[in-house]
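First, one chain by itself: the form predicted on its own, in structure tokens.
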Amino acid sequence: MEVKLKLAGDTLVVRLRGELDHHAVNGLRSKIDTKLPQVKNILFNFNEVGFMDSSGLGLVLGRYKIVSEKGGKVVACSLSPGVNRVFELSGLQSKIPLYSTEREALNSV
């Protein structure tokens, strides 16, 4: 799993590449969490993620809880069919708005 973090105003853009599974989550969680004091919102870009398991779901949901408690938003974009299916089955799309592109997602926060 590769991750690129970028600040866009008060939003942390998290661009993911690879498989978001239990092997990737621990390191990824700490990288994201070190940036949380500096931001209000998080945008997860899943453009290059082909697979996500429950560990990845837990990562996203955990960041959602932290950011929501600060009054921020978590949004996601560019979901592959497999990642979209995980969002649908878990009901996560009811908490985290989904967008087609990163630009649309950034404009929503």
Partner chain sequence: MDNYMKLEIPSKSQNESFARVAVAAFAAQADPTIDEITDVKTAVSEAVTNAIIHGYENGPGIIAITASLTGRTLEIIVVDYGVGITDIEQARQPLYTSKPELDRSGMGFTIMESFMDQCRVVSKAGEGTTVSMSKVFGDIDNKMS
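Small disclaimer: the values here were computed from a predicted structure and weren't measured. Numbering follows the first chain given and starts at 1.
In what follows, reference is made to the form predicted together with its partner chain, a form of this protein that is not presented.
Just to confirm, residue 86 within 4.5 Å of its partner chain in the model of the complex by heavy atoms? Residue 86: yes, in contact with its partner chain in the model of the complex.
Any chance residue 10 has a heavy atom within 4.5 Å of its partner chain in the model of the complex? Answer no; every heavy atom of residue 10 is more than 4.5 Å from its partner chain in the model of the complex.
May I ask you to check whether residue 22 falls inside a 4.5 Å heavy atom distance of its partner chain in the model of the complex? Result yes; residue 22 sits at the interface with its partner chain in the model of the complex.
Its partner chain contact in the model of the complex: residue 73, any heavy atom under 4.5 Å: So residue 73 does not count as contacting its partner chain.
Residue by residue through 47-61, tell me which have a non-hydrogen atom within 4.5 angstroms of its partner chain in the model of the complex. Heavy-atom contacts within 4.5 Å come from 51, 52, 53, 54, 55, 57, 58, 59, 61.
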